[in-house]
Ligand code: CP
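In structure tokens, one chain follows: the form predicted alone.
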């Protein structure tokens, strides 16, 4: 039987995704009760990092440890991938030795090609096109604080980047309305947008995007690999900071999310990210629990 992969949110059905979210909440409660649960004992997760990360590495490593398994960190310096070995060959070899592979890289085509030749589940832990694991944590966080996200309105403010693409897919899969406020020239990929139909709307005014929204979220203006564009992007994104005025446009019980790391004074004001509507620390922690639920789904079902 071919393995199930998780390269985008579209790889799981809406029912499966909602099941993963509910299971993440259950697993989180088990950790808080200090219950020992080791469904992945003696199993190994290979973690390929071409882009560095704090939350991704710590959450996946800790998750595998809590599940009784092992996580193997592989940087370009540690593997033949960094010396030009074809992705197909690395996939064939690694997938005969480990039980799942997590990849954090630049080009989305790399994870697609790896998955094509892998005998075990492959998880996209971030590419330039998508960041689906983050969306599992984000939706879990909303559900914990406010209940079902179906039928709600989410405001995305900032770049039409990999996080925006994943929010577009999440709107399709979880049944919420997404308003994305992006500067001219920084819209999300048109193919991703077109596939989403009327569940996504592009606007130019952050306050209009946040109008009566149930959740407001953003990301840094210059993602990893775009640092040389920082000054250009600062000018383009002027007026797109999520500040108190933007949050005032949202519903009174709206929550604020940010995938982190955050730049206070750029894409978000300190008063918002450190304020009462912010749940970013729960969101960050939920990377651990949501990914554990995903690993359990992919490796034990």
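Positions refer to the first chain, counted from 1. A quick note: this is a predicted structure, and the numbers were derived from the prediction, not measured.
There is also a form predicted in complex with this ligand; it is not shown, and the following applies to it.
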Fill in the blank from the handout: Answer key: of 250, 40, 259, 27, within 4.5 Å of this ligand in the predicted bound form (heavy atoms) is 259
Exercise for the section: Work out which of 56, 62, 44, 269 lies within 4.5 Å of this ligand in the predicted bound form, going by heavy atoms. Expected result: 56
Practice task
Considering only heavy atoms, tell me if residue 52 and this ligand come within 4.5 Å of each other in the predicted bound form.
Solution key: yes
Practice task
Look up in the predicted bound form whether residue 289 has a non-hydrogen atom within 4.5 angstroms of this ligand, and give yes or no.
Solution key: no
Exercise for the section: State yes or no: in the predicted bound form, is some non-hydrogen atom of residue 104 no more than 4.5 angstroms from a non-hydrogen atom of this ligand? Expected result: yes
Exercise for the section: Find out whether any non-hydrogen atom of residue 131 is located within 4.5 angstroms of this ligand in the predicted bound form, and reply yes or no. Expected result: yes
Exercise for the section: Name the stretch, out of 195 to 203, 147 to 155, 131 to 139, 167 to 175, where some heavy atom lies within 4.5 Å of this ligand in the predicted bound form. Expected result: 131 to 139
